[in-house]
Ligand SMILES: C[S@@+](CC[C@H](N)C(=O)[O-])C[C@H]1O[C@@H](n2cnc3c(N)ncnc32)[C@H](O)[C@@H]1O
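Coming up is one lone chain in structure tokens, specifically the form predicted alone.
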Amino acid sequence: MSSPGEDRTAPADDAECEAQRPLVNATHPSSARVYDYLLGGKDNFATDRSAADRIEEAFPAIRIGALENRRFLLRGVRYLAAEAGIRQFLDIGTGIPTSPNVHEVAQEIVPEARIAYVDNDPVVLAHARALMVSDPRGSVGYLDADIRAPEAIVGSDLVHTVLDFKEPIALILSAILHFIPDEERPEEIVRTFIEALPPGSYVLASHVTPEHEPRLRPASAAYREDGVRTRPRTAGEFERLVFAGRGLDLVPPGVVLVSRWRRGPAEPPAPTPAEVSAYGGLAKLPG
């Protein structure tokens, strides 16, 4: 995958892609493929690019926010592997592989790290099988499943083959929960995942917010018109959804803009809050 600062390879012809991937619905946008396009990837269709362009028209900084969320995710994984001693990761809504991936970052620090990826987009499935190659000392697996069926995920044979639920696990919910509207009971989904985690596990999550940029709401409306429902949430709503009342201890600096979570001195200056418009946090279960 190319990064936003690099020349992007032109997307493959949609008809050719559809012929190669018969399970892909190329007539409706996919959040994973839209995110891939915003990050500069090429594994997307015209409908995904059209949806992304409509969002960008309403919220011009969307690519900045997507990149900052990606950086937050990778910083969080480095912290978990290098400082928290985590050796197992359950990444829900992983998206199309974009190097470095979670397993590449974790296994660079801990070669024996084990990662279970979960997504329900056929394009993600095709690329995951081809590109998510584990260090032989560790393990990587991919489960085709929907976050809205958390019991099926935490009870999956594949997930239990890759991960040992008697040892701490890092649950990753990066930029996925804002695709779960209130009527789909996101609190129950999150609770099911967290209750399945062993003591000493961690939860890393990020979420789009409307607090700093009024144009984010019309951007979300444009996304919904394309068939992808979104629910931006405030910092308080995000914290209550994921962290509050669940016995979790937030890792400093707590819930903050993703661009401000343990940003390293070698990174470029942080964008403005309006450009980022996403909160992130990492917390530990007691034990």
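Just so it is clear, the structure is predicted and the values come from calculations on it, not from any experiment. Numbering starts at 1 and follows the sequence shown.
As for the form predicted together with the named molecule, it is not shown, yet the points below apply to it.
Within 4.5 Å of the named molecule in the predicted complex: all of R233, V255 and G280, by heavy atom? Result no, not one residue of the spot touches the named molecule.
Could you spot which one of A145, A81, A196, A126 gets a heavy atom to within 4.5 Å of the named molecule in the predicted complex? Among A145, A81, A196, A126, a heavy atom within 4.5 Å of the named molecule in the predicted complex occurs only for A145.
Only one of Q107, S201, T94, T209 has a non-hydrogen atom within 4.5 angstroms of the named molecule in the predicted complex; which is it? Comparing distances to the named molecule in the predicted complex, the residue within 4.5 Å is T94.
Partner contact for I176 in the predicted complex: the named molecule, 4.5 angstroms, heavy atom: Yes - in the predicted complex, heavy atoms of I176 and the named molecule come within 4.5 Å of each other.
With the partner left out here, check for me: in the predicted complex, does some heavy atom of F59 sit within 4.5 Å of the named molecule? No, F59 stays farther than 4.5 Å from the named molecule in the predicted complex.
Is there a heavy atom of N120 lying 4.5 Å or less from a heavy atom of the named molecule in the predicted complex? The answer is yes: N120 has a heavy atom within 4.5 Å of the named molecule.
If you check in the predicted complex, is S259 within 4.5 Å of the named molecule, heavy atoms only? S259 lies outside the contact set for the named molecule.
Options 176-184, 132-140, 82-90, 158-166; stretch whose heavy atom lies within 4.5 Å of the named molecule in the predicted complex: Only one stretch qualifies here: 176-184.
Heavy atom within 4.5 Å of the named molecule in the predicted complex: which residues of 66-88 meet that condition, in order? Contacting residues: N69, R70, L73.
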